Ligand SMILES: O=C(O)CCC(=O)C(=O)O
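Next up: just one chain, as structure tokens, the form predicted alone.
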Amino acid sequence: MLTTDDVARFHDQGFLALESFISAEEVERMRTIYDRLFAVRAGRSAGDQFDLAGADDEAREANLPQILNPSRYAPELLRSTTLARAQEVLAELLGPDATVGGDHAINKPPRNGVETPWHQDEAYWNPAVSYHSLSIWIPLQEATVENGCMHFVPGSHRGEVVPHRPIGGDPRVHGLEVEPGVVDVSAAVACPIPAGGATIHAGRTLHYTSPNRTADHRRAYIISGGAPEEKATEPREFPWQAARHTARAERANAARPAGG
């Protein structure tokens, strides 16, 4: 799917924007599945559906609804053209041993979708592991600056994982943000793309999406994957992970089988 220039640009900049990744027909099929999953809050009791940017209060509308592992609740996603294309891209960018690791979906509500603050995906992961990974972000409608397209800091994937905290410093919030004042994002690049396009970014690439100021939902389906994991050569600690005490984690723990 990718040209030699695409591959070189990804490794140099830490991200890539593609105008076309899946067909219009596949967008419609994926969007139908996506809207159904969010309508029924699939995975809520298991801790897979939650408010990424809020306290996840049952009595309040979610600021930024997210579903982890949507393919667990819609297995047809595992047989999609989207997944097949993601596997192709992983092999082209990270080598033949790279495989799809998981998926999630983020839905910015119309006119009240908050921003997704600057962060690195690796800040969410196990600090004892060394990753060679990427995420493929696919909008199921046009992604614009007005509704929350992706922004990246070129070259930021070459650095280490910087200090993070729960969004707003609130330990009830699952989502993470870079500690204020830690990074310079003045060189950030916005990446508006059509429905069915994709942005691809490395696990340490700093990225952000703006609020949704439009009258429609901003639907994003994300596939992540990478080369086989290895033990980190240097010990690391991500104290911001232990700082969170979320309703989402409580539901996940309650749903876990005894002894599991």
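Keep in mind it's a predicted model, so treat the numbers as computed, not measured. In case it trips you up, residue 1 is the first one in the sequence shown, and so on.
FYI, the form predicted together with the ligand isn't displayed, but the following is about it.
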So which of 119, 172, 85, 72 reaches within 4.5 angstroms of the ligand in the predicted bound form, heavy atom to heavy atom?
119
Within 4.5 Å, heavy atoms only, which of 42, 33, 68, 222 is in contact with the ligand in the predicted bound form?
222
All of 108, 150 and 218 within 4.5 Å of the ligand in the predicted bound form, heavy atom check
yes
At 4.5 Å between heavy atoms, is residue 49 in contact with the ligand in the predicted bound form?
no
Although the ligand is absent from this view, report whether residue 212 comes within 4.5 Å of it in the predicted bound form, heavy atoms only.
no
Stretch from 201 to 209, 230 to 238, 25 to 33, 53 to 61 whose residues place a heavy atom within 4.5 Å of the ligand in the predicted bound form
201 to 209
